[in-house]
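Let's start with one chain on its own, the form predicted on its own, as structure tokens.
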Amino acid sequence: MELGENDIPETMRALVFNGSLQVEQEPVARPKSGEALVKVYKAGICNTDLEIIKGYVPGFNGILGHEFIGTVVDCDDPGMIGKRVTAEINCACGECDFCKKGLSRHCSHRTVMGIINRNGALAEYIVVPQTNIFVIPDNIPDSAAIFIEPLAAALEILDQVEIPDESEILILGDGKLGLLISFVMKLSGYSTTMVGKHREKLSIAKTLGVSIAPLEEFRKGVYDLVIEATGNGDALEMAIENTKPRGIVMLKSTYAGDISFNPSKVVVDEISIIGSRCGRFEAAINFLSNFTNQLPLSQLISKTFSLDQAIEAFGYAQNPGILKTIIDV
């Protein structure tokens, strides 16, 4: 439903991090030309959000959150008003060398929603560039659409490396992202094994035919591609140890703090280590449109809180064994 200018409030509730978490009243920003104001109604807590409050982004102050669904209430294009949307989190300048090469997610001057110099989506309203907005097709329910951003990150692996059909893939980590990666790899036709600490989480991947191994039962092997998605820096050594000569280790974890490892095997076995971050929303939306009915996404939602309970939600999300925590705005 279209809101008139007088219907948009002056202030809104938002989860703000300024060294500590607080639900506060914040001004509702008005969109400039080329921007859209979106009324948020559902947002997800990401592991990156949890790491930010531990110091992953030094000096971050502002509204957290970058996984969301909302409705456009104000923008230049009247045809967009009322559309159910989400938005790419990297906001690029469009002018630098990276942008001109189609690498806007690596823009030299980018801001990143809820992460770098831009307020996020754990709020009643958010302003985003219109070019970042993606309309969510009707055949994708909210319970699946809330995973568009992390699913895009999972699919980014397929954009970054060419994986031969006969490849053996190992996924380390049975959290939200690890499970999404397992869905992507299995439904893309690859032989996939997942290692994790939580049998109930591993069982979700098993429903799609992914081979699973509880950590205490896993035996060292050799894999063409090892994807590290544990959120634990200690897992890098394990990833390297299970990679074939000339194989690939894909790093998906983000965490505060440094890691160390012995590079000898990387050098001797000529192993490639590749960082992997955000992905294309188009790919995630297409994947959901094709496979929503096959994906056990509802099992990835551990609990839903209101925005007024956001601090409690962050505490809950940090507990062992928790998957996706949702905020209903």
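One rule holds for the numbers: they count along the sequence shown, beginning at 1. The shown structure was predicted, so the numbers you read here are calculated from the model rather than taken from an experiment.
Keep in mind the form predicted together with a further copy of the same chain is missing from the figure; the text below concerns it.
In the predicted bound form, a further copy of the same chain sits within 4.5 Å of a heavy atom belonging to Ile273. Residue contact check for Gly189: none of its heavy atoms lie within 4.5 Å of a further copy of the same chain in the predicted bound form. Contact check for Tyr41: every heavy atom lies farther than 4.5 Å from a further copy of the same chain in the predicted bound form. Although the partner is absent here, Val266 lies within 4.5 Å of a further copy of the same chain in the predicted bound form, judged by heavy atoms. Only one of Val85, Leu251, Val210, Ile163 comes within 4.5 Å of a further copy of the same chain in the predicted bound form through a heavy atom, and that residue is Leu251. A single residue from the set Lys197, Lys244, Lys206, His109 has any heavy atom within 4.5 angstroms of a further copy of the same chain in the predicted bound form; that residue is Lys244. Residues placing heavy atoms within 4.5 Å of a further copy of the same chain in the predicted bound form fall in a single listed stretch, namely 277-285, out of 277-285, 294-302, 61-69, 32-40. Residues Phe98, Leu103, Arg105, His106, Arg110 are the members of 94-122 with a non-hydrogen atom no more than 4.5 angstroms from a further copy of the same chain in the predicted bound form.
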